[in-house]
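Have a look below at one chain only, the form predicted alone, in structure tokens format.
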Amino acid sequence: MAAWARAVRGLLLDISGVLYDSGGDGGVPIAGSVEAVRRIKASGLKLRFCTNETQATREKFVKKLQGMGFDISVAEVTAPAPAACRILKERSLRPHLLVHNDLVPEFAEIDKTNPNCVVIGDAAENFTYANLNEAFRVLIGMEKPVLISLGRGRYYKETDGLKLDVGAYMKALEYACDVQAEVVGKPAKMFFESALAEMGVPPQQAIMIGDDIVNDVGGAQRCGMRALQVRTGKYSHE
């Protein structure tokens, strides 16, 4: 075994495309993934689930995964929405939300009156022309537009095929409003640093495992970690 492998103390594990394939029916676990999580936990390695999931609150998302047999708790999940809420509070930002309906409760304690920024997530069916145009109008009306994106993924895999992710719509707003989005989820360095801090493990002693060569692998490597790409999820389409 290589010396660096013996020094590993923690794993950061992506969820969608690694543990399960999502879908309108709730999704299905990837073969062997439930047992893999059990064995990782039994090994004594520290584990953090790192997801750009923004179609549900962490509580609802974790409950779905538990129903599939995964040993996972809300406290073990690093996700973009809670991080975005911290930023909004720290900077006194009031968001116009372009997110999935099921994610809105994550922003319950955030003042959304008279918006001075836009927060965009994987809104799925809410990505209509009318909704995108409304977000555009909020941004273009600002002297200094602020666009916060809960990730910048290009696409992801569901049980019925590939789906456009938030990054495609983020880029449209960037182009239309001549603004650079602040990305909160993967591959932002801050996202990985937060997960590492929650585990209490330095980057050189952690490995990120994901199906996305850019957001999972590339993002982790830029943070000083080693990373592995699994051959599930959207692997074959990269």
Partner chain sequence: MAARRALKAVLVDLSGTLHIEDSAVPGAQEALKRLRSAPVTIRFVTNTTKECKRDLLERLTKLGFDIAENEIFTSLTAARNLLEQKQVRPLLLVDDKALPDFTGIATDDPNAVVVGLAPERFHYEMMNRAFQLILDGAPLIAIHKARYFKKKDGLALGPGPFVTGLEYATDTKAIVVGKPEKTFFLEALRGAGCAPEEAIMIGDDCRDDVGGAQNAGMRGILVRTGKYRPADEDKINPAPYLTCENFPEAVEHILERLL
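Numbering follows the first chain given and starts at 1. These numbers come from a predicted model, not from an experiment.
Unshown form predicted in complex with the partner chain; subsequent notes refer to it.
Among residues of the shown chain, Ile110 is not one whose heavy atoms approach the partner chain to within 4.5 Å in the predicted complex.
Contact annotation: Ala176 falls within 4.5 Å of the partner chain in the predicted complex, judged by heavy atom distances.
Mapping the unseen interface onto this chain, Arg154 counts among the residues with a heavy atom inside 4.5 Å of the partner chain in the predicted complex. In the predicted complex, Ala172 approaches the partner chain with a heavy atom inside 4.5 Å. Distance criterion of 4.5 Å from any heavy atom to the partner chain in the predicted complex singles out Asn133 from the list Ser92, Asn101, Ser73, Asn133.
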